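Okay, here we've got a single chain as structure tokens, the form predicted on its own, with questions on binding and movement later.
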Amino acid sequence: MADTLHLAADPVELTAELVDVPSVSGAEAELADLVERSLRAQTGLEVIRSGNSVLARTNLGLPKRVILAGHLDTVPVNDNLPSRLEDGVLHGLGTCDMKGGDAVMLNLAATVDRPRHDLTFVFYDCEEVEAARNGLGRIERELRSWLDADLAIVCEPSNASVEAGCQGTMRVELRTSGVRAHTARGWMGVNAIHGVGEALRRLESYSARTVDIDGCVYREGLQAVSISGGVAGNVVPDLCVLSVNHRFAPDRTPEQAEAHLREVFAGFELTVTDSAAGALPGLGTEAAQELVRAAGGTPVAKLGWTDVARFAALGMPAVNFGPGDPTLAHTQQENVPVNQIRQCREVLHRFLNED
């Protein structure tokens, strides 16, 4: 492995180099070291390290600032390393989620020589694990001023289209109680698994909202994702737990989403186990509109939760814009078309650099 990356090189080559440095969540140090050395070799950038996150920025005193953010970590290796290039498609762990986006960011750090806005680049760790470990949270706590900007672009895979805002997400558990008994005398007990049947019927008949916000259509969802219960093969179970995931449009707060679920599952014991707010599209600002014009096409809603929500919570508009199909993230077949990597680089270079 080279001591530094040639950041001004073809971003496709950069992507392959990044992919070939394993960086499963919690083990990003080697890749963070490489990114840090490479950014420090650039002139005109202030560079700092926070754990296995690397941050760099210009300080030109320009009227506006744009953040570009991407995580360095991947899900565990699944027999999909090293990278390989076949018929214009780069295959391998992290190609889509999201080292193609990271490569675009690194290339921009080296090639935007006449920036229209001051720029901040945030390469962070532990995005693919529990939220408490996410490097952006640590940066917000310890380096808050580094997250001040007029627009944040999270270079997660979006098929090279501007995806605005994101859904909120919530997981809840429904618990039903019963009375144990021998199955030979089942009438003497109360079956907790049978008791969850009504909740499943409500899920089956549930009609999810479709919400249009600023021309972006968010489709909500409510799905059972796990069920557990049972003691032994000859015992009537006295406890059953049904886990349900709710994806809600960003016009609802987590509190409103919880109230909705309590209405849907009225009569059941319900406990919220995880919750994250969504983010409104935020396309009305001048900086966001400039990006949309540079990208062309029509912005679409982000169906899923991404770290745009963290930036939106800090009071700035945020969008997803990066190479790759998000439906391939976390799969063994993860890949990214090389033309999308180059397209994202060209769009962002046109948006960030003076003509």
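Numbers for residues come from their place in the sequence shown, where the first is 1. Values in this document were obtained by computation on a predicted structure and should not be read as measured data.
Just so it is clear, the following notes concern the form predicted together with another copy of the chain, a form of the same protein that is not shown.
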Worksheet item: residue 160: heavy atom within 4.5 Å of another copy of the chain in the model of the complex?
Response: no
Practice prompt. Using a 4.5 Å heavy atom cut-off, state whether residue 229 contacts another copy of the chain in the model of the complex.
Written response: yes
Worksheet item: Is there a heavy atom of residue 242 lying 4.5 Å or less from a heavy atom of another copy of the chain in the model of the complex?
Response: yes
Worksheet item: Applying a 4.5 Å heavy atom distance criterion, does residue 51 contact another copy of the chain in the model of the complex?
Response: no
Practice prompt. Tell me, out of 130, 263, 79, 204, which residue has a non-hydrogen atom within 4.5 angstroms of another copy of the chain in the model of the complex.
Written response: 204
Worksheet item: Out of 295, 45, 303, 316, which one falls within 4.5 Å of another copy of the chain in the model of the complex, going by heavy atoms?
Response: 303
Worksheet item: Any idea which of 178-186, 139-147, 115-123, 97-105 reaches within 4.5 Å of another copy of the chain in the model of the complex, heavy atoms considered?
Response: 178-186
